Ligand code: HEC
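The data below hold one chain only, encoded as C-alpha cells and taken in the form predicted on its own.
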C-alpha cells in the first residue's frame, strides 16, 4: 500500500470508530432524557396529583413563580379567566406558539423574551385539571 492509501484507510477507520461511538452514546442519552409524563408519574405513584403538584413537576413555578403571581421571566397566572375559556386554555397549553400572533401574547413575548413550552405530550385530562385550577385563581 502506498502512503496515501494508508492515510485514507486510517481516516476511514477513525470515521467508523467515531460513528459507532456516537451512535452508542446517543442511545444512552435518549434513555436518560426520557422523562415520564405527569400521567405516567401518577400511575407509578398510585396517587392522583393535585394541579399544583402537576404544575410544579412541569416547571411552571420556575418561570411564573411559586405562587404563580409572575416573575421577571413570565407573567402572573392569576386572573386568566378574564382572557381564556377552559377549552381555549387547554389548546393554548398544548400549542402556545400558535397563539403568539395575538396582541396580548405578542406584548408578553416582547416583555418577557421567553417562549412558553408546549405541553402536547401531557394527557388532556391532566391539562384540564390544570386549566380548571388556573381559571379558579383570582387576581
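Please read these numbers as outputs of a predicted model, since none were measured by experiment. Positions refer to the first chain, counted from 1.
Another form exists, predicted in complex with the ligand; not displayed. Remarks below refer to it.
In the model of the complex, the ligand sits within 4.5 Å of a heavy atom belonging to residue 64. The ligand is not shown here, and in the model of the complex it never comes within 4.5 Å of any heavy atom of residue 18.
The closest non-hydrogen atom of residue 53 lies beyond 4.5 Å of the ligand in the model of the complex.
Interface residue remark: residue 104 is counted as part of the site for the ligand in the model of the complex, having a heavy atom within 4.5 Å. Heavy atoms closer than or equal to 4.5 Å to the ligand in the model of the complex belong, across 83-98, to the residues 83, 84, 89, 92, 93, ordered by sequence position.
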